[in-house]
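To begin, one chain is listed below as C-alpha cells, in the form predicted alone.
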Amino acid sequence: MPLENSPRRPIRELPDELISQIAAGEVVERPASVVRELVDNALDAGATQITLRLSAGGVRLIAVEDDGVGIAPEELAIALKRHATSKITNLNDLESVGTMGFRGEALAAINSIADCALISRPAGQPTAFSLSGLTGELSPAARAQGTTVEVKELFFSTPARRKFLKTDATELAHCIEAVRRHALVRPEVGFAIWHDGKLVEQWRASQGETTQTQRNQRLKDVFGDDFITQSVQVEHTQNGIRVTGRAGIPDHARSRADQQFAYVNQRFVRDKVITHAARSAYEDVLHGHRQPVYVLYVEIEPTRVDVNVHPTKIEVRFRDGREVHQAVRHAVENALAAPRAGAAINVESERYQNSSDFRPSNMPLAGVFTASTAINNIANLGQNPSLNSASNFTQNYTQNRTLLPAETHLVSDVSAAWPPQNNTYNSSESTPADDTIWPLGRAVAQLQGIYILAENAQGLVIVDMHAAHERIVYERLKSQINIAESAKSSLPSQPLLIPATFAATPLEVSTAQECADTLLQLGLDITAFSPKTLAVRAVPTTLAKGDAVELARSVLAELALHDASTVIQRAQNEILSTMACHGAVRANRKLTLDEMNALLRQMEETERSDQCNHGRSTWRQISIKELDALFMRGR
C-alpha cells in the first residue's frame, strides 16, 4: 500500500517490556550469547571457579554458578532492571572501562525473554536468597558464597525467535566456544561445562609463578600439547601497547580461520585492525591462502580504546588504530623471525650436558663454523659454469628486464656473493668435532642435486638447498635496503614526468589530504587535482616501473583503516624476492660437504629460514623413532 494512503499513526512511548525485548534482540542472539554475558558477570565478581549447566543445548536451561563476591538481598531485584549496574557510575568510568560488563542491559534483556532466577550469598551472610524474575518473589535458599543465575525456556515469550535456533548439538558447540574464549584469557579461573547431567568440558585453574606460565598451561589444556610445540612466544611492547601470547608457526597453518583469538584488555574481540596486522606479519612466510593460528593478548590504556561500540561488546574502536596495527604486526613478525633450528640450540645443549660424554667447560669448542666463516663459505654456493662471476650474474639477471634505479646496487650486492673460482677455502678448518652441537646437524650427502641430507641428534634432516639459499639471499637484501632507508627520514621517491591522475572517491580524497605527511614518508606524493580527482606526482624509487594508480589506491585504502607502510613493504619485497630467487643456488648444482655445512650454518642464523620466500618449508626433521618405525625396528 502506498505510504500516502496509510493512516497516520500517533507517536507514543513503548512499554518497558517491549523495550527490553527489543534490547534482547541485540544482546541475545542464541544461548551462547546468554552464556557469554553471565560468565562476564561472574568474572567481574571475582570468581575463581565457574560451572555452566546446560539442557537441550541451552534452550531449556542455562545455569551459571560462581564463587564470587555475591549480591546483597536488597540488590537482587535491582539487578534485573534495565540499565542497572555496579560497574560504572559516570561518563569518566565509561571512558575507562576495566570490567567485562558495564552496560546494565544483559540481565534485564534475558529476563524479558526467559524464566530467570537469581540465587546469591555474599560473604558473611548466614544464608543465600533466591529471586524469581517472573514474580519478583524473594525467598531464602541454600548455597555457598557466590551467585547462581538460572535461565529456563529461552525465548518462551518470543516464540518466533526460537524457530531460528539450530539443533541442540550446534547450540551446545556455540556455548562451549563462548566459555573457551573466556578460558583462554583467564587461566587462573577454573571452568566446567555440564550438558544434560554429563561433564562435556573442564579446564582446571592453572598453577604457575607467572601469567605466561599459566597461560601456556591453559593453552595446552584447551588446544593440546601440539599447540605449544607448534607455536612461538610473542612478547612485544611499543608506544605503550603490550602484545603477548603465542603465534603458530607457518607449518601449523590451517585452511580455516577458526583458531585465531585476539583479546584487548582481557576482552575477546573481533577487530579488523588486529586481524589485518596479524595476517600481514605472516605474508612473508605463509604459503597460499592458509590461515595462521594465534592467541594474542593486547594490553592498552583503557582510555585509548572504546569498548562501548556494540551491545555484544565484541567490537572495539581504537583511538589510534595505526599504532595498534604496528604493535601487533611487529610483535608477530619478531616472534616468527627467529629460526626454529637456531632456537633448538639451547635444548640440544641441555640434552648434551646431561649425557655421560659431555665436554668439560674448559675445553674449547671444536669446529670453526662461526658466523663469519659461514658467510664466507656460503659465497661459494653460487659457483657454476653459467654464473661464476659478478658480471655474469648481473647479465643473467638483467637480460630479460630493465633494472629500476634503486635495484642496481642491490644486484651488485647479490652478485658480489659469487667470487671467482680460485677463492681460497680451507676445508680442513671446517671439519667439525664430534661434540659440536648444531641444530641442523652435519651434512652427509646430496640427493639428486636438490636436497641436502644431514645428521643431527634427533635423526635425519632434509634441506631443500635452493629454497634455503633463496631465503638467505632474500633476508640479506631486505637487511641492506632497510639499512639504506633507516638512514633517511622517508623512502627515496622518483617524480613522475607526467602525473598519473585517477577518479577518486570522497574517502580517498579526504585520506590523501589528511595523511599527506605520511604519504611523503612512504615516498608517495598524492595531491588533489580536482574535487573528484587525485594526481600521483611521485612514487617510491624501487617501484617506479609499477602501476602508480594501483599503488596509490592500495595505499590509500590501507591508510584509511590500517598501516599503509605494509603496502610499500609488500611491493618492495616482491622485487627482492624475485632477485633472491634468481640469485639462489640452482638445482643440480653439486655441492661439497663443506659447502653444504656452510649452508646449514647460515640457515641457523638467518631470520625466517624455516620457510622460503613463497612460504614453503626449507627443511624437515625425521626422527630416529620415525625411521625405526619405517623398518619395524623394536617390534
Ligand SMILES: Nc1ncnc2c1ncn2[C@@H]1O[C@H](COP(=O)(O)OP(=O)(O)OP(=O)(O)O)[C@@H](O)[C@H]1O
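This structure is a prediction, so every number in the text was calculated from the model and none was measured. Residue numbers run from 1 along the displayed sequence.
Here the subject shifts to the form predicted in complex with this ligand, a form of this protein not shown in this document.
- Of the residues given (E105, E333, D464, E475), E105 alone sits with a heavy atom within 4.5 Å of this ligand in the predicted bound form.
- Taking A84, L94, L496, L460 one by one, only a single residue has any non-hydrogen atom within 4.5 Å of this ligand in the predicted bound form, and it is A84.
- Per the 4.5 Å heavy atom criterion, this ligand in the predicted bound form is contacted by stretch 42 to 50, the sole one of 55 to 63, 42 to 50, 593 to 601, 606 to 614.
- Residue contact check for C175: none of its heavy atoms lie within 4.5 Å of this ligand in the predicted bound form.
- In the predicted bound form, this ligand lies within 4.5 Å of some heavy atom of G70.
- Although the partner is absent here, G133 sits far enough away that none of its heavy atoms falls within 4.5 Å of this ligand in the predicted bound form.
- Contact check for A278: every heavy atom lies farther than 4.5 Å from this ligand in the predicted bound form.
- Taking this ligand as it sits in the predicted bound form, the stretch 141 to 172 comes within 4.5 angstroms of it through a non-hydrogen atom at just one residue, T147.
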